[in-house]
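Heads up, the chain below is alone and in the form predicted alone; it's given as structure tokens.
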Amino acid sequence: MIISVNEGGFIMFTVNNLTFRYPRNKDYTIKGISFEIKEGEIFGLLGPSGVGKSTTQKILIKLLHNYRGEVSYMNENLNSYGKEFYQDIGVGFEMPVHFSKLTAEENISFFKKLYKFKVDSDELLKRLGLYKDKNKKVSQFSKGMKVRLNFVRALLNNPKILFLDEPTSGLDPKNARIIKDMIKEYKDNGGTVLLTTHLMNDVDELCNRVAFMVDGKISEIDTPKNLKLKHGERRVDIEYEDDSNITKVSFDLDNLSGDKKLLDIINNRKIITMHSKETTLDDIFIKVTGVENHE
């Protein structure tokens, strides 16, 4: 299934020195963050629970107001948009909210009435393995089925930008793969995604750029590859057969040229494994935020 989205190549959202405090709180939840979301990219907003990710997302989808700083959507102040703004966006909340006494089809029909433009929802239901259950009440759905139905709902209006919060959480590998493939297809056809998740494998696979939030501030923002290079060790580990034993050695990537021991191993030994000492996004998450990553 191809979901076509208008292409252009500009900045979808610009956030400049955004600050926000909930009325009953003494401390600010958002403490002067700035970033851009480019058209046609998947932008990951990452960090431990309670650092302001969801609050930032709620501001961008106009659920929270009274913030300080500037937020622009397609080069216009976000506050200048009325209800027409919601025709452009699709939202998948972390905790799916459905009308449990209605069927999946009735849920979909209700939300389709809110939009001017609608996609073929049956095709979406089929892709996500829900078509045969579309006349079943959502109260009878499993958690995974509700998550998949939530994703269908986010795509109903063929949005220009998707806000996805833990879109694959609680799914088995097969259905998680289907959703990730659909997110990639959406992006490849010009769609833009703001993704929040604790699943770093999803981030590594999907995101063009990521921002790590700590205590209401952005501490790092870059591509996953650049972050790995920055925080990883520039070394290569080699395991090889040495007589009847397995020997492991490590070499500095910046000094490989002419290394006699390395050349001897390559030319005269049977190499079992060879890989660079690349860090993972989970490691970076812990290092940057100082918090263990828990789903």
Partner chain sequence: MNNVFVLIGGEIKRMKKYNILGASVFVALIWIGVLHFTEAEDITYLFPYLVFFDAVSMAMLMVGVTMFFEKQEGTLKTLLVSPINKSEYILSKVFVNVLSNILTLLLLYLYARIFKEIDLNILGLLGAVILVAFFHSLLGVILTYYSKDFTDLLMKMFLYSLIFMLPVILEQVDIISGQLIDKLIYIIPTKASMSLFLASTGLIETWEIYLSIAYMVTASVIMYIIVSKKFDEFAVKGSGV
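What you see is a predicted model; the values in this text were computed from it and never measured. Positions refer to the first chain, counted from 1.
Another form, the form predicted in complex with its partner chain, is not on view; read the next lines as being about it.
Trainee: Report whether the minimum heavy atom distance between residue 148 and its partner chain in the predicted bound form is within 4.5 Å.
Mentor: Close contact is absent here: in the predicted bound form, residue 148 is far from its partner chain, nothing within 4.5 Å, heavy atoms only.
Trainee: Answer with yes or no whether residue 100 is in contact with its partner chain in the predicted bound form, where contact means some heavy atom within 4.5 Å.
Mentor: Answer yes; at least one heavy atom of residue 100 falls within 4.5 Å of its partner chain in the predicted bound form.
Trainee: Could you confirm whether residue 227 comes within 4.5 Å of its partner chain in the predicted bound form, counting heavy atoms only?
Mentor: Looking in the predicted bound form, residue contacts with its partner chain do not include residue 227, since no heavy atom lies within 4.5 Å.
Trainee: Examine residue 216 and determine whether its closest non-hydrogen atom to its partner chain in the predicted bound form is within 4.5 angstroms.
Mentor: Flag for residue 216 set to no.
Trainee: What stretch, of 265 to 273, 57 to 65, 39 to 47, 228 to 236, brings heavy atoms to within 4.5 Å of its partner chain in the predicted bound form?
Mentor: This holds for exactly one stretch, 57 to 65.
Trainee: Given that its partner chain is left out here, which of 78, 91, 179, 199 has a heavy atom within 4.5 Å of it in the predicted bound form?
Mentor: In short, 91.
Trainee: Using the arrangement in the predicted bound form, list in sequence order the residues of 81 to 120 with any heavy atom within 4.5 angstroms of its partner chain.
Mentor: Heavy-atom contacts within 4.5 Å come from 83, 86, 87, 91, 93, 96, 97, 98, 99, 100, 101, 102, 106, 110, 111, 113, 114, 115.
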